[in-house]
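Shown below, as structure tokens, is a lone chain in the form predicted on its own; questions about how it binds or moves come after it.
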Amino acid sequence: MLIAGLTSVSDMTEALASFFRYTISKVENLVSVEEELQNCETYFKIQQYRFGERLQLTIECDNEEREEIYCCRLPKLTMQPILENSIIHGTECKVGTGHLKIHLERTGSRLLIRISDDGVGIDAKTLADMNERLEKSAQAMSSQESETKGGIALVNVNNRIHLLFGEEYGLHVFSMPGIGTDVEITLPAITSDREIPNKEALS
């Protein structure tokens, strides 16, 4: 039992170290989908130390498209903050097991990522306000000082996507109280940083 406990602490320490290394590293602004998913899995592993079997994560991607999708580029920390939001404001508040899902697909020149939870959901008024804010430009959003609970992470991710790729890309939220929430991320399916429309935004 003691050895098992020490192994658990060691695994937790390793997961935390890996997560913080990824989070604070500023070597590049874009990463591959595969790297971002690995960071999501590391974050989820950390959360499992809190929730145990109460939390489950599934990653869905067509096997025939997996290799191509996993090579696509996206801003670092695009998925993890949304996954964290889903846990904190969705499944953590739910009684029983919380199921989280990351679904990836490519449609033409676009990469679609949907992060879903079966948590408590969002009421219609809050949902409408959130999507209205997400539809605004990054410039308009930067002038606002306050955000609805749970919305800051989504707005930050959305603004970074707008800045790099344009306002035809970004986030949209679908939700029903008591059923759960889906956050859909639309990105250009690019495999090289040279394909970014606004390269000047990269530091």
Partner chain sequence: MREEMLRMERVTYKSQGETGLYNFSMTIWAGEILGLIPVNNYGLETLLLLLKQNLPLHYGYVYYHEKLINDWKKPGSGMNRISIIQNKSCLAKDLTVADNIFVLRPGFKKWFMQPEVLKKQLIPFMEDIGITISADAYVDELTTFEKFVVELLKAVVAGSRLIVLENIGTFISDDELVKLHEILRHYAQEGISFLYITSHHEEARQFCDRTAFMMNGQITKYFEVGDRTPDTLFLPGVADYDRWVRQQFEVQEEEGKSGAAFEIKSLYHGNLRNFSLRVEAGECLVIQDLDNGALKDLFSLLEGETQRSGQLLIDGEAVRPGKDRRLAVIQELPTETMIFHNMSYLDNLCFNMDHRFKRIWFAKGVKKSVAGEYGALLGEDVFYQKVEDLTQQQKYDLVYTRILLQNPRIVFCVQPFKQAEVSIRSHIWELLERFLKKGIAVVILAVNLADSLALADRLVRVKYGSVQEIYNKEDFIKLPVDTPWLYLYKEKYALEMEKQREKAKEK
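Positions refer to the first chain, counted from 1. Note that the coordinates shown come from a computational prediction; the quantities given were computed from them, not determined experimentally.
What comes next is about the form predicted in complex with the partner chain, which is not displayed.
Q: For E67, is any heavy atom within 4.5 Å of the partner chain in the predicted bound form, or not?
A: Although the partner chain is absent here, E67 would stay clear of it in the predicted bound form, with no heavy atoms inside 4.5 Å.
Q: So, L112 and the partner chain: in the predicted bound form, are they within 4.5 Å at any heavy atom pair?
A: Yes - in the predicted bound form, heavy atoms of L112 and the partner chain come within 4.5 Å of each other.
Q: Consider R160 of the chain shown here, and say whether it contacts the partner chain in the predicted bound form, taking contact as heavy atoms within 4.5 Å.
A: The answer is no: R160 has no heavy atom within 4.5 Å of the partner chain.
Q: Is the gap between S175 and the partner chain in the predicted bound form 4.5 Å or less for some heavy atom pair?
A: Answer yes; at least one heavy atom of S175 falls within 4.5 Å of the partner chain in the predicted bound form.
Q: Of C40, L164, L171, V33, which residue is found within 4.5 angstroms of the partner chain in the predicted bound form when only non-hydrogen atoms are counted?
A: For this set of options, the contacting one is L171.
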